[in-house]
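Okay, so we've got the same protein chain twice, two forms, each given alone as C-alpha cells, structure 1 and structure 2.
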Structure 1
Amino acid sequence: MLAYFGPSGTFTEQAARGFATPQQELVPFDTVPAALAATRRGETEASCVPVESSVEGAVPATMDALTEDEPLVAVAEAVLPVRFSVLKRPGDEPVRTVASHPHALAQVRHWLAEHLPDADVVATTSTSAAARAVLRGEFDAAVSAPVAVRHYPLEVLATDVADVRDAKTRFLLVRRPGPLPEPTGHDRTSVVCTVGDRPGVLADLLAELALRGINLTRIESRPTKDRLGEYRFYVDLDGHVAEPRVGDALAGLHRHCQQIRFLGSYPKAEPGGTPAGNDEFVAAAGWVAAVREGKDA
C-alpha cells in the first residue's frame, strides 16, 4: 500500500499514482503526519507528500513531520504542473458560486474574473472537498485537480486553468530507511541541520558546500519549537551521498550541527544543473591513504 496526503481527488493523489506500481493500493490520509506515521508503523510501504510549491513555497506540515519521530528517507520525487479543472454539476444551470481551497482560488483569480465574473467565490478545506460540496448541491462549481473527475461525476467546465502558467508543486516518495537509489548523475540530496544560536553558523554551513563546488538548490529555516533562537535548516543540494564530494560535504555539515538528519538522495524529477566532479576527491583520498600506509606519495 502507498499512503498519500488526501483526500481523494487532489494533486497529491495524482503524484502518488505516478509513483505507485500497478499492484499498489493508494490509501488517503487526512494529514501529512498521519500519512507518514502509517509508513513509520509499517502499515504502508511508502508515503507521497507535497514538499514545495513554486507559488506558495515550502509545505511546513511536511517539513516538520519529516524531522519528528523515526527517520524516513526520500527515494523519489515528482514535479507536477499546477493546472486546475473547473467542475460543475451536469446541466445548463448558471454558475453563481465557485468553491475551492484558498491556495487554489488564489492561483485562478484572474481566470475567474474573466470567465465567471458574477460568481461568488467560497473557500473550502480542500479542492476535493469543494468537488464533493458541488455534488451535494452546496455550490455550483469547484476548482479542483484534474484527477478529481475520477471520483466525482461532474462535468468539466474548463481545464488547464492557471493564472501562473509555470506553477509547479514538488512531491516526495518516502520510505523507512534502507538501500538508497543508485546515483544517476542528476540527483538531489536533502538534509535537515539543527544549529545553535551563534554568530556565523549559517555561513559555516554554506562554506562546506561552496568549498566543494556543490550547488545549493534550496535552503529554508524553521524553528525547532524547543527554544527561541534555535532553528532547523532544510537543505537541498545537487548530488548523491554516494559521491565522494557530497559525502565529504555532509561530514563537514555534521561538524557544525547540533543534530543533522539525512532525508535522502534520489533522482531529480527534472534533471538540471551541472553535476560536480569527484575525480579530485578520489585522487586526494588515494593520496592520503598512501601516506598513511607509508608509501611514496
Structure 2
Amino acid sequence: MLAYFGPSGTFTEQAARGFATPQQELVPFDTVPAALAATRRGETEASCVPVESSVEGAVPATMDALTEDEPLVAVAEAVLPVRFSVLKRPGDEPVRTVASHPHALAQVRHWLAEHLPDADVVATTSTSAAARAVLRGEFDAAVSAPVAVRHYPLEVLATDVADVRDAKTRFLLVRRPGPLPEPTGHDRTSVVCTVGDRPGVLADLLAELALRGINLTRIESRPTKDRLGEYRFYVDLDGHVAEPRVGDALAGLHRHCQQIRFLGSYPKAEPGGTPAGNDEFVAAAGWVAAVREGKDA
C-alpha cells in the first residue's frame, strides 16, 4: 500500500500513480502528517508527499513532518507541471467563495483578481479537499488539479489557470529507513541540520560542500519551534551518500551540527546539476586506505 496526500484528485495522487507498482494499492490521507504516520507505523510501505514548488518554495507541512517523529527516508522524487482548473457546482449561482491549498491559491492570485475579484478566498488542506467541500456546498468554487473533475461531479469554470507558466512541484516517495537506492550518477541527497547559535556556523556547513565541489540545490530554514530565533536548515545537494565526496561532506556536516537527519539519497527526476566527477575522490580514498595498510606512501 502506498499512502498519499489526498483526498482523491490531488496533484500528489498523480505523482503517487507514477511511483506505484501495478499491484500497489493507493490510500489517500487528508494531511501530510497523517500519510507519513501510516508509513511510520508500517501500515503503508511508502508515502508520496509534496515537498517543493517552483513558485511558492517549500511545503512547510512536509518539512516539519519529515523532521519530527521517527525518521523516514526518501527513495525517489517526481516533478510534475502544475496548471489548475477552477471547478464549481453546476448552475448559475454566483461564486462568492473560492477554496484551495495555499500553494494553489498563491499561484492563481492574478487570475482570481481578474475573474473573481469579489470572491472570498479560503485555504483548505489540499486542492481536492476544496473540490470535495464545494460538492458539499461549503464553498462555491475550488482551484483544483485538472484530474479532480473525474472524482467530483463539478462544472469546469476555467482550465489552464496559472499566473506563472511552467510552474512545477516536486514530490518525494518516502519509506522507513532501509537499503538505499543504488547511486545512478544523477542523484540528490537531502539532510536536515540543527545547529547551535554561534558565529559562522552556516558558513562552516556550506564550506564542507564548497571545498568538495558539491552543488547545493536548495537550502531552507525552518524554526525548531523550541526557541525564537533557533532554526534548522534543510539542505539538498547533488550526489549520493555512497560517493566518497558526499559521504565525507556529510561527515563534515555531522561535526558542525547539534543534530543531523539524513532524508535520503535518490535519483533526480530532472536533468541538470553538476556531473558527479568522483574519480579523484575515489582515488584519494584508495590512496589513504593503502597508506593505512602500509602498501603505499
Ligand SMILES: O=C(O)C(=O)Cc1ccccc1
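Think of the rigid core as the biggest set of C-alphas that the two forms share within 1.5 Å after superposition. Here, residue number means position along structure 1's sequence, counting from 1. All of these numbers come straight from a predicted model, not from anything done at the bench.
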Of these two, which one is the form predicted alone? 1
From 82, 188, 36, 52, grab the one where the chain hinges as the two rigid parts shift between structures 1 and 2. 82
Look at the chain as two rigid parts and give the angle between structures 1 and 2 through which the smaller one rotates, in °. 25
Rigid core superposed, I'd like the Cα shift of residue 91 between structures 1 and 2 in Å. 9.4
Once the core is aligned, what is the C-alpha displacement of residue 125 between structures 1 and 2? Give it in Å to one decimal. 5.3
